[in-house]
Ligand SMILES: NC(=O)c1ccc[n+]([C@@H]2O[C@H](COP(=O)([O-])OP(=O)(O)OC[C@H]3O[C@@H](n4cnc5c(N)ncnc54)[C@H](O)[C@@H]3O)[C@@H](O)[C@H]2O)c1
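Okay, here we've got a single chain as structure tokens, the form predicted alone, with questions on binding and movement later.
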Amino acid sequence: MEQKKLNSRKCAMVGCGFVGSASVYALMQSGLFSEIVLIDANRQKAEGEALDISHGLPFAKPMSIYAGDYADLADAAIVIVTAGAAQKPGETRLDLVKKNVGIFKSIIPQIAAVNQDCILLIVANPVDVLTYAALKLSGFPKERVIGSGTVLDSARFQQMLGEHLDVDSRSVNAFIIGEHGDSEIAAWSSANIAGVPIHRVCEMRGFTDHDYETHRIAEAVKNSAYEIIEKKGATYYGIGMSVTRICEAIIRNELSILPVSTLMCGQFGLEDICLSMPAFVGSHGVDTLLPFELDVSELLALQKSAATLKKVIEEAEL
């Protein structure tokens, strides 16, 4: 099939709930795009969000924000999918899988029918399973189907470490890897502050009980979404900013290192599954994975995380 000319200044948002609308708001403020089309099963919801956000355009960069249908995303460079059932209080991300795989079986073929050349950015949960579903349902090459993965989890990790150590979180280099969910792994062995191993900085700051602190912070990161959902019903601002960061890396061809969810093809002994590892992200999607080193306990935890996801995928019959 001949490749279409895409508009690198255009993106589409499929799903206009809390996450979709917050992401469009963040994207509007970023100035990355000159055109954003919103699509939702409830057309009035898409129209309302487009109107509300577009009324702020006099304070931002010139762009067109409007509600549309699937035909309108034919030339979009990035199609973001947030559509799906919301996570309820007390419900794990993996509890959502069957409902949302069913929704994807309707959405993804409609996207692929009009645009075979875009990058698909999957944000709906459980994101790793749905990234795998989108890959299978779209027929796209693996580098152009990306899940938001643990980009937000890693940001939470960096923010909490920065707060703990009283240092700018932008100087913290630390990743959450594996599943975006209950089996995620805090990669402590590679965590550092501006290149200095994290434990050395902790000791400098007076924290010497490493086992206690690492467990406490990793648990706080893992449970932060549940805490937010319990307190306010949904999470959307943090993921909206994460979506914008991923789009920025793609549109500007930054080849930035982001822990996005992508298909594993033998790395760490993992095959035919999507999960998060630090990757080079640019205009072609996932360029390659970073040659990331894990200690033995992290590797075992990653393989366990992958086995959890494999089981869910099998149950979803993908």
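The numbering used is simple: start at 1 and walk along the sequence shown. What you see is a predicted model; the values in this text were computed from it and never measured.
This next part talks about the form predicted together with the named molecule, which is not shown.
* Which of these stretches, 193-201, 232-240, 158-166, 213-221, has heavy atoms within 4.5 Å of the named molecule in the predicted complex? -> Within 4.5 Å of the partner lies stretch 232-240.
* the named molecule contact in the predicted complex: residue 70, any heavy atom under 4.5 Å -> Yes, residue 70 lies within 4.5 Å of the named molecule in the predicted complex.
* Is there a heavy atom of residue 45 no more than 4.5 Å from a heavy atom of the named molecule in the predicted complex? -> Yes, residue 45 is a contact residue.
* To do: Would you check, heavy atoms only and a 4.5 Å threshold, whether residue 178 touches the named molecule in the predicted complex?
  => Contact with the named molecule, no.
* Asked: Does the 4.5 Å heavy atom contact test between residue 244 and the named molecule in the predicted complex come out positive?
  -> Close contact is absent here: in the predicted complex, residue 244 is far from the named molecule, nothing within 4.5 Å, heavy atoms only.
* **Contact residue in the predicted complex, chosen from 154, 138, 100, 115 - any heavy atom within 4.5 Å of the named molecule** => Only one option qualifies, and that one is 100.
* Answer option from 107, 186, 119, 172, heavy atom within 4.5 Å of the named molecule in the predicted complex -> Here the answer is residue option 107.
* Within 11-26, which residues come within 4.5 Å of the named molecule in the predicted complex, counting heavy atoms only? -> The stretch 11-26, when checked against the named molecule in the predicted complex, contributes 14, 15, 16, 17, 18, 19, 20 at the 4.5 Å heavy-atom cut-off.
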